[in-house]
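First, one chain by itself: the form predicted on its own, in structure tokens.
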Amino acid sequence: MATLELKNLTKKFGDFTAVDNMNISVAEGEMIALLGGSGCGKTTTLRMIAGFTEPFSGSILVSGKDVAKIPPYKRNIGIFFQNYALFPHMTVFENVAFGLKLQKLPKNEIKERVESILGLVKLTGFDKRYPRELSGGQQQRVALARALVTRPSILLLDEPLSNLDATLRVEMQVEIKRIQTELGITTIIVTHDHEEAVSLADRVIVMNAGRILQIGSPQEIFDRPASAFVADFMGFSTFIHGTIGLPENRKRPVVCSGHTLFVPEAAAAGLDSGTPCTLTIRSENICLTDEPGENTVSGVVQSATYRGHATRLEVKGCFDEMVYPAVSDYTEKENGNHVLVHFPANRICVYKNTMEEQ
């Protein structure tokens, strides 16, 4: 297996900068997710690593060797394409064996390696079928087997689950993680789905406009986004504007629409009294309560949407902004109910407003 390091990696298309001075290090056997919306630069980064797109500047180091000028077929990098790119006129065996035949390996070795990798992806007995005879999940496994059979030092996955339905997506998340762990292969996955990223990766890199916004563990990215932009991308929906106050008993008060919410002093570190800020909290961390108290504000339910595991509420009147609790014990059928909404202090993230937000 191999390590991967990108140093000052940049890609420009005319005056447009698709990837802007990217620096990341991936350890041997680690799985990294490049996460971001369309046009953020994640797929361009993947294509530069694979060798399909030439960098404008910077280095791509595989186990310390710069491969930026080496053609794709000499990089020993396996790639899984979003559309699978299977050859429709070839059987499963022929599709998986394609790269090995290009390497001119002996027939008996090709047979042995194809059978082994089909067993790993749980497709033993499917070797004579054609892609049209397979389900979407089975086609995905064939594409994964083809990427792995050449024993690449690095595996690149381009939106591997985007074409699958919800049930298959969850199943294949488990399978991809199992195979990656079993083989110990250094892996980069590109995705726009934050749940997919935190489910699969050891570390997540959030990108926007060609730049890295945050690198961290899945839990760090999910629970403690580095900015309001990252929080919004990670599924936070409640954003409350306020002003930081002076410390009180190791807490910081934040005045929001005439109400005061307290946050841990560490959450507001570096923010002076009077600083305009934005508070955000995950919907599942907002609670309904029967008791008034600190960080508890009254509001009126505008709508309730049942989502199976929880009911998502829209609550008006707590602040100028709408708040969106997701609660498991809400059974009221009518809108317009008055509720007490509690915001646990240790779950609140605090961000200094940019000039545009003030």
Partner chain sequence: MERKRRAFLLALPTVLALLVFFLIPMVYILIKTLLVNGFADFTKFFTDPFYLNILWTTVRVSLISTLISLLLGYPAAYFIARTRSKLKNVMMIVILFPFLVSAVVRSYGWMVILGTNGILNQFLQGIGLLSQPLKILNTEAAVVIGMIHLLIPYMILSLVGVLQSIDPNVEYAAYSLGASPAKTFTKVVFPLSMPGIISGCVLVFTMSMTSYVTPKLLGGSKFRMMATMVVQEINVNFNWGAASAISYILLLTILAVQVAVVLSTSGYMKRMGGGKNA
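Given the structure is predicted, the values throughout are model-derived calculations rather than measurements. Positions refer to the first chain, counted from 1.
From this point on, the text means the form predicted together with the partner chain, which you will not see here.
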- Go through Glu112, Asp272, Asp232, Glu133 and name the one with a heavy atom inside 4.5 Å of the partner chain in the model of the complex. Glu133
- Query: What is the one choice in Ser257, Gln219, Asn83, Thr167 with a heavy atom within 4.5 Å of the partner chain in the model of the complex?
  - Reply: Asn83
- Exercise: Leu288 in contact with the partner chain in the model of the complex, heavy atom 4.5 Å: no
- Does at least one non-hydrogen atom of Met90 fall within 4.5 angstroms of the partner chain in the model of the complex? yes
- Message: My question is simply whether Ile77 lines the interface with the partner chain in the model of the complex - judged by any non-hydrogen atom within 4.5 Å.
- Response: yes
- Mark Pro72 yes when one of its heavy atoms lies within 4.5 Å of a heavy atom of the partner chain in the model of the complex, and no otherwise. yes
- Query: Which of these stretches, 201-209, 92-100, 170-178, 243-251, has heavy atoms within 4.5 Å of the partner chain in the model of the complex?
  - Reply: 92-100
- What residues of 37-67, in sequence order, lie within 4.5 Å of the partner chain in the model of the complex by heavy atom? Arg47, Phe52
